[in-house]
Each structure stands twice: as C-alpha cells, then as structure tokens.
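Below you will find one chain, with nothing else, as structure tokens; this is the form predicted alone, and questions on how it binds or moves follow later.
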Amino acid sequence: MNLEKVVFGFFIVLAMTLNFGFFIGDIDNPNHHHVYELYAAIVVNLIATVLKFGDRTQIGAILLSTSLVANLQLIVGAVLWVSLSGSVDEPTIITYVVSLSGGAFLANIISVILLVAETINQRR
C-alpha cells in the first residue's frame, strides 16, 4: 500500500464530504449551513490542491483544475458571506453561498470520479 496515495485520496474524499455537509439542507435556511464547516471545506480543498501539484499526467492536470474550481467557488462564497453580512438579509446571503458551494461540490464529485477511474485503470 502506498501511503502517499492514501493521504492523497483521503484529502480528496474529505474535501468532497465536508463540502457536501455544508451544501445539504434548505438553501435559504442559515441554521442548516454552518460557517465553520464552510471554512473547513476551504482548508481541506486547499490541502487537496497542494497535493495535486506534483502529478504531471493529463489526469493530474484535470484533477488540479477541478480543485482550483472548487477552491475558487468556496472562497468566493466565504468572501460574499463576510462582505454581505449585515447589509443583506441572512437567507439571501446563504442562498448565494450555498449555490457557490453546490458548484464546488460538483467539481469535487468530478475529482473523486476521476480518482476512482484512475485507480481502476492502474495495472499492477
């Protein structure tokens, strides 16, 4: 078993599950979306992105691009949440942030699918 691949897969799957945990729930209900879970998703996505930098294959480039998309959407969501707090009603802000998180979640799903496909295609 390759410990590097275990850590790599762990962070990719953890990024997706944290993002899913934030995303799930009523889109406009602030009680269903916790700010710390969003920040945890951002941090884990950033770690997963850094781990993807070493791969020089075509699939590695696509994995990196999906991570960059997820990071961009999660960071923009967090910035919106911080900048709009107090100026717009909370359900409206949450709707924006959760929508961006949904896009990041889709990018994370694509990343996990590619990881599984690459693992299945590897020969011993």
Partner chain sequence: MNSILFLILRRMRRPLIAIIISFAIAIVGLTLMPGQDNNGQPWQMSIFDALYVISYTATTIGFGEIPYAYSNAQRLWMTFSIYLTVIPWFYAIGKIISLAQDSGLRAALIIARFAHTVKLLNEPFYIVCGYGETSGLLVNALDNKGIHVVVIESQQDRLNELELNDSQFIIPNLCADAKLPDILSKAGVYHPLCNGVVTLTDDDQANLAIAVAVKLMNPSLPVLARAEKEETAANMTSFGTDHIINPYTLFGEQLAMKVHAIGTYILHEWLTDVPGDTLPPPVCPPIGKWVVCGYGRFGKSVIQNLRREHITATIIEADPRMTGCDDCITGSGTEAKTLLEAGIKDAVGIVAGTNDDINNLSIVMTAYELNPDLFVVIRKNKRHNEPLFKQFNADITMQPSDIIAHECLAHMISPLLAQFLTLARYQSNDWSNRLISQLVAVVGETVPETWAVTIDSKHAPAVSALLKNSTPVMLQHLMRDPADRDQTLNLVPLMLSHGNKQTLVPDISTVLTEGDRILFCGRPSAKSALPLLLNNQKALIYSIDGKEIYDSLIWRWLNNQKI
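Residue numbers count along the first chain shown, from 1. Here the structure is a predicted model, which means the values were calculated and not measured.
We do not show the form predicted together with its partner chain, though everything after this point is about it.
Enquirer: Which one, Ile62, Leu46, Leu80, Val69, lies within 4.5 Å of its partner chain in the model of the complex by heavy atoms?
Expert: Looking at the other structure, the residue within range turns out to be Leu46.
Enquirer: Answer with yes or no whether Ile27 is in contact with its partner chain in the model of the complex, where contact means some heavy atom within 4.5 Å.
Expert: No, no contact at 4.5 Å.
Enquirer: Is there a heavy atom of Tyr39 no more than 4.5 Å from a heavy atom of its partner chain in the model of the complex?
Expert: Yes, Tyr39 sits close enough to its partner chain in the model of the complex that at least one of its heavy atoms falls within 4.5 Å.
Enquirer: Indicate whether its partner chain has at least one heavy atom within 4.5 Å of a heavy atom of Glu90 in the model of the complex.
Expert: No, no contact at 4.5 Å.
Enquirer: Hey, in the model of the complex, is Gly86 touching its partner chain, heavy atoms inside 4.5 Å?
Expert: Gly86 lies outside the contact set for its partner chain.
Enquirer: Note that its partner chain is not shown here; using its position in the model of the complex, name the residues of 26-62 with a heavy atom within 4.5 Å of it, in sequence order.
Expert: Residues within 4.5 Å: Val35, Tyr36, Tyr39, Val43, Leu46, Ile47, Val50, Leu51, Phe53, Gly54, Asp55, Arg56.
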